[in-house]
Each structure stands twice: as C-alpha cells, then as structure tokens.
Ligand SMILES: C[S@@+](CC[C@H](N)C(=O)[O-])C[C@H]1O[C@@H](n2cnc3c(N)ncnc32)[C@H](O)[C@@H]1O
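The form predicted on its own is given below as one chain in structure tokens.
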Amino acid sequence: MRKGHHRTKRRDERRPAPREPRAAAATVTLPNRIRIPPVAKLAALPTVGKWLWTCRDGFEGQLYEELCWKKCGATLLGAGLVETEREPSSPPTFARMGFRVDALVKTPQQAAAALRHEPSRVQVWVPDTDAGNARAGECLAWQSTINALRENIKDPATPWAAFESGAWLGQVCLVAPHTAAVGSIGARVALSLAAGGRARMKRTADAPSRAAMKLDEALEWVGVSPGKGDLCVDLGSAPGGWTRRLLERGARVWSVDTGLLSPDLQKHARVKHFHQTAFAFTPEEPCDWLFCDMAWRPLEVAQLLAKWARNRWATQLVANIKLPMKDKLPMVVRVKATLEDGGWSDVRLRQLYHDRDEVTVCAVRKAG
C-alpha cells in the first residue's frame, strides 16, 4: 500500500459534509433480534441434507442472525460455519459460499464418488478460519486425487466456463481433519465462482494497494465492468487506486476528492480531477458508472448514493460501505433500503474476500 494512502482519504473525509437539503434514510422495520449463541472452539460437523454456509472468520454471528431472519432454520456450527435446513430466499450478505451437503467423507476417493452432477468443475477448499487455514495443505492432495479419478469426465476448464455452460461447481469443503463436506451448486447461482468464495486478486506494481484488488473482485462479482469510452465517477478517489483500474479498462474517469491523485494520474488525458468533497460535487452530465470507496458514515454514504439515482446522474453503481460498528447486520438492512428508496434497483450487498469491516454493493438505476 502506498505510504500516506489512508491519511489522504481520512484528512478529506473528516471534514464535515456540506449543509445541504438531503433526503432522510429510509425507515426500516427490523425483524426481532436473535440471540447469537457462543462460537464453539471445536466446530460441529455439518448435517447431510442441510445447507452449509461459510463466512469470514469472526462474522459467523452476523451470518447466523441474517439466516435466522430469512427463516431457513439456521444453526451456528463454529467459527466461519453456519448450516440451514433450507436454502434462503435470497443470497446472504455475509456468506462466502453455500451449498447443500450430499455427503460427509473421509477420503478424496469417497469425495469423487459422492459428486453427483456432471459435468462439474470440482473445487476443494477450507473455511477461512485459523483452524481451516491450518489444513490448507490437504487441499492440493485431495484435488489431485479427485481430478485423477474423474479424468475421463469432460469437466469445464474454468469456473467461468462452468458458468457460461450452466454446469455445476462440485464443492469439497475440508471442515475437519480428514473430513470433507461434499455437494454441488449451479455455477450460475453460486455465491462465488472462486473456491470457497476466496477470489484472490493479483497485486500489480503500479497499483499495489488492497483498494485496487477490492475493485477488481467487485467487478468480477458484478459480472460486467466499464468499457472503452464509458464515463465513470470515482467519489473519494485519492490517491487513485480505483481510478487507475478504471483507466486500464478504457474508461474516462471523473475523480472527485480534495486530496491529490498520484502524479501519473494527474497528467492522464482521460482523468478529470474535481477538487471537491463527494457530498458537494454535482456532475456536469450523467455518467455510466458511479464508484465510491470512502471511509465515512454508512448511512450518509447511502443517502449520497441514493441522491445520484434520484437525480438520474448515474446508470450503474459499485460502492464499498464501511461497517466499523460491532452490530453490522441492521446497518446493512438500512443501507439497502435507503438505496432502493432512492431509485436503485437490483441492489446486492456482499462481503467479498478482500472486504474487511465493510461490504460491497452493486445496483442499477431504476428505469423510467
């Protein structure tokens, strides 16, 4: 990460937002709160026939309550692991991956035999927890054995090939030493095409920060990205990690921040830098994409993004919402309602692999 990256953003974002008329956040009636049980030191094994969900270590309480609110019979198994009786009606925000468990097995040979759907791109992975990561070395051996046993099966070459053909993603999750939960999920409905939802983006020499990788993963999750000539607005952009990534895709970028951009970006022909706060900025014309990654209060950011839809200033949205509070789920619900009330549709929120105390949101402006 570039030295001074966070100082630049925080110095700008500590300044009070301009006093201007702004719509209030949407009123939301939350479901009854759920008592979250303590996380067991030794995770319980999942149950065959139920759905297994994994999340970032430390967020199992948020995921458990979210799945309880979706009324699908949730049980907290342990660090990073929750199971449900049924598939929820909509994808959970705090889940990395989810699938129905068809079998619990002890060997990769048993796992290969338990995979029911063909063709199926098989993924072997561990939960993203301390205990899970300690078993990560087992994955390669299991994967090699399973692939060898399925060598005569014409599986899709990549997860994206599985998505395009409507094939399945075989799931082999090593939930305990020498024990795996096996199942499958359609590639087109899976929470992620990456094994275990851990979409690792590559760092580059010119954009080494985590912020750039967050945008790369977000656009992969959305499934579309800005193209050549598209106009993008990047709110809270300094020093320019997201702006640089958008330029690489051929877009024009209006970069909005009182902080300075990197010298190479300041001179770039397709970058126009507006030295204003994101709250004070008014675009000269509607843009194709609105991007935002500001360390600011989540409801105020949601209200700002809602204003862009209400005024028809942008067509598509990708933003990162910070969640520094301990109780994150109610805030996620309020942010979603505020965006929908403002005029965004198809609003999706997900805690992606490169997100920490934050979630990524994408949406499309309502037609009409």
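These numbers were taken from a predicted model, which means no experiment stands behind them. So that there is no doubt, residue numbering starts at 1 and follows the sequence shown.
Keep in mind that the form predicted together with the ligand is not shown, yet the notes after this line are about it.
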(Q) Looking at 164-172, 113-121, 78-86, 231-239, which stretch has residues with any non-hydrogen atom within 4.5 Å of the ligand in the predicted complex? (A) 231-239
Q: Flag Trp289 as yes or no: does it have a non-hydrogen atom within 4.5 angstroms of any non-hydrogen atom of the ligand in the predicted complex?
A: no
(Q) Under a 4.5 Å heavy atom criterion, is Gln276 part of the interface with the ligand in the predicted complex? (A) yes
Q) Does Trp125 reach the ligand in the predicted complex, with heavy atoms at most 4.5 Å apart? A) no
Q) Is there a heavy atom of Val271 lying 4.5 Å or less from a heavy atom of the ligand in the predicted complex? A) no
Q | Residue (of Ala131, Leu191, Val222, Ala295) lying close to the ligand in the predicted complex, criterion heavy atoms within 4.5 Å | A | Ala295
Q) Which pick from Ile185, Ala180, Ala251, Ala211 sits with a heavy atom within 4.5 Å of the ligand in the predicted complex? A) Ala211
